[in-house]
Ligand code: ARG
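In structure tokens, one chain follows: the form predicted alone.
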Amino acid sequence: MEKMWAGRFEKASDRLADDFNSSIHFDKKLYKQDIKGSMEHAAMLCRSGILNIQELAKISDGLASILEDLESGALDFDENAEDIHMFVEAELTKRIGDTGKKLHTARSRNDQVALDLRLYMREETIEVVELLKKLTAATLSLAKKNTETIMPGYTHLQRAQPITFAHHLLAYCMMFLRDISRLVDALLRMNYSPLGSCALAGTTYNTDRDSVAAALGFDGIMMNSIDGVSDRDYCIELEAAFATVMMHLSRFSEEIILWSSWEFKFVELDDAYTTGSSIMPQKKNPDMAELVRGKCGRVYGDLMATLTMLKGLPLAYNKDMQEDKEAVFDSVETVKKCLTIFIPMLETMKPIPENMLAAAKRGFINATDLADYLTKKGIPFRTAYKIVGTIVGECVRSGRTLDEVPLEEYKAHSEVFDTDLYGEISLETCIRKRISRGSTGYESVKEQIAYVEAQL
């Protein structure tokens, strides 16, 4: 295939250099966006008097036929083409003749690829947002079924205080809502058209950039043509947001992996989302959750690759920027795959409330409530803290829980202890008395559920 930029050069480029320079094997993913952008560009050229109506019709029909043939499989991508833009233009010229060569008037591949990538990432990000909404809804549904399921809350992976399973799940709902907010916010900033910036300096033609931007669903145009072709901030923002999504999924995966182990056995994963061992017949491995956890690092790497690629680039366009696509494609595709598998895995996961409660009853997670009991009877908190710590130490040595200690032993530590302490340190009471907003208390959890529902 003859290079579109042939003319200046006296000899052909080296075959290895051609292969190294080519991006068709990955940027062919942008074919729909490239054709859509070209159709609107051609329509604008006609409105501006640069193309006549007959030329527009030929170009539009030709582009439509290329799209149809690519979609049906009747047309294969030419791997000898330098990139998707050159492929589409060459195929168009092959089909309609020299009129096809007029399509590239008043634009450059620099603003063309910037447009294609923005269109692609806008569509993909909207899909991620929808998946996040489904995940949030699935997590919320599980929470609503477990508002009275008591489990130990942890700090340092040590049993700390009693909470409800719903309260724990709602923490992830809040994370996912922030993920949605970050992506929507990034979409607002990226939704400006670079088309018409041309190579970097604009064009001498009297074009109408605003009408093309509006036709393509943008909120406006990039106001500086140099910025239009060199900006990849939106890639960084989206990759950072995707990395944060993956971090949240990885944390959730880690807990599901722990919860599904025999050491915890708080949940049972559905057989459809686990695997077995090639040698140990008893195994039921949480491989889907482990893969999600593992793929988090991959998305981190995509972000770092893009940041590093951009850090030393002078304005405006440089070939280094070809490296943005594989990273950003991989980032969004990985997030979508992980969300797509995570949602049904969560929907089919079965909590085991009796095991959560049994774990909550061991580990002295009501010790803080026992200290609060003393404080409310006039004992300074630090003194109460020391008394309860001493009692816990005795319980550890004797193998008892706090509610198994007889009243006379309590009174040996402080005369203010009375029979009402047993009601105060029951796990149900510990939950119910958490009345601050955002807490694990039953009323607070209801408020959190209502909040998530309203946000969705």
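From a predicted model like this one, the values you see are computed outputs, not experimental measurements. Counting begins at 1, following the sequence as shown.
Beyond the structure shown, there is the form predicted in complex with the named molecule, which is absent from this document and is the topic of what follows.
Site check D27, H85 and K319: each within 4.5 Å of the named molecule in the predicted bound form by heavy atom
All three within 4.5 Å in the predicted bound form.
Look at the stretches 220-228, 256-264, 319-327, 344-352 and give the one with heavy atoms within 4.5 Å of the named molecule in the predicted bound form.
So the stretch in question is 319-327.
Candidate from T93, T244, N110, N146 lying within 4.5 Å of the named molecule in the predicted bound form - any heavy atom
Flagged contact: N110.
S23 versus the named molecule, in the predicted bound form: is there a non-hydrogen atom within 4.5 Å?
Yes.
Going through 157-184 from first to last, which residues have a non-hydrogen atom within 4.5 Å of the named molecule in the predicted bound form?
Sequence-ordered list is empty.
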